[in-house]
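Shown here is one chain on its own, the form predicted on its own, set out as structure tokens.
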Amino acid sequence: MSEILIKVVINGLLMGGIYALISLGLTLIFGVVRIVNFAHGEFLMLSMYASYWLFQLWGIDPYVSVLIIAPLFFVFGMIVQRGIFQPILNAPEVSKIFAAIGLVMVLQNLALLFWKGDYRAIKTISSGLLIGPEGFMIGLPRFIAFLAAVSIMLGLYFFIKNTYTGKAIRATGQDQGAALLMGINTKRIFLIAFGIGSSCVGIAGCLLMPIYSVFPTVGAYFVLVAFVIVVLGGLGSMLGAFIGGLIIGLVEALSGYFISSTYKEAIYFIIFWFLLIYKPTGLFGSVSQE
């Protein structure tokens, strides 16, 4: 394997880690609340803008702004769940879809109103730094984002498996009716799950700012990738979201190397199409009514 190909593989895995972090929140929200949050990409866009303005106005590094944005987006997610999705949880699925798409339109247009359609980027101390041995050096921001994705996935896994609230989240995701009978406040669990999912995407936005520009429709690209990853890994599976993110990152990098970067989206959407036909439950998903 040539040096260039090894670097392509490494960069694909690192990018896959970022995709996985975005998808982690999406799959958690679906797994517990049973809502496909089409506005997930717009949450990412808002977190990127928040990180951008914290840097521009007060010089707060995006990696430090995680400490501000993560709790803010936890609260923001809870407000969205309580104000928009909670009242329609028992409504037909189409009502939930239209509510999410309506939220997409509102957030995108608010971003256009306040910040116009300009591409905005920041340059931090770490933006141009490279690490690693000679010939295999990688960008520090991508490496940090990958480590953060792994750490958050492991932290969430420990939280879900070993804490009372985590077990309540698992129980609610498995059977809401049975969870209610066991004395679990499912409405509170929905708020917590939506808050955690939103916090994950808020962190992802901070980690993306040293790498990408932000503009009002930036979330549309990332949410499409996230949906492919969630379907690949299995709806509701956090491990599946992480593994799926790595796979899509690799597919994207290798298709750009062997074919053309122009067709990378087409290639993983072909994978998406085959999955929907032959294995709609994904790698780690299970059969459910949804």
Partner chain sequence: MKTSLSDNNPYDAEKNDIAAQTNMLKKGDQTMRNIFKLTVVLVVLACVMAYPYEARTEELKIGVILPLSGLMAHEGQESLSGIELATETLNAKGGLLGKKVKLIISDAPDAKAGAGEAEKLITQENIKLILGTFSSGICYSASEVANRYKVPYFEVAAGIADTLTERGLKYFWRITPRASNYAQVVSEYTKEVTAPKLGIPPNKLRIAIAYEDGPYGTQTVKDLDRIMPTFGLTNIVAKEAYSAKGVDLSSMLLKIQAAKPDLFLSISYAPDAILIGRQAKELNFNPKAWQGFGGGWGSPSLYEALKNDLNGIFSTEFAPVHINKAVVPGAEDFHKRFKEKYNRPLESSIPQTSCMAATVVFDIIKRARSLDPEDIAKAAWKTDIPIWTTINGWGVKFNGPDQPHPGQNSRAFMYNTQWKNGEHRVVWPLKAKYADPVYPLPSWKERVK
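If you're wondering where the values come from, they're calculated on a predicted model, not measured in any experiment. Positions refer to the first chain, counted from 1.
As for the form predicted together with its partner chain, it is not shown, yet the points below apply to it.
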Problem set entry | its partner chain in the predicted bound form: contacting segment from 123-131, 188-196, 165-173, 150-158, heavy atom within 4.5 Å | 123-131
Exercise. Even though its partner chain is not shown here, does Met137 get within 4.5 Å of it in the predicted bound form, heavy atoms only?
Worked result: yes
Exercise. Tyr212: heavy atom within 4.5 Å of its partner chain in the predicted bound form?
Worked result: yes
Exercise. Is there a heavy atom of Tyr63 lying 4.5 Å or less from a heavy atom of its partner chain in the predicted bound form?
Worked result: no
Exercise. Is there a non-hydrogen atom of Glu42 within 4.5 angstroms of a non-hydrogen atom of its partner chain in the predicted bound form?
Worked result: no
Exercise. Of 230-257, which residues get within 4.5 Å of its partner chain in the predicted bound form if you count heavy atoms?
Worked result: Glu252, Ala253, Gly256, Tyr257
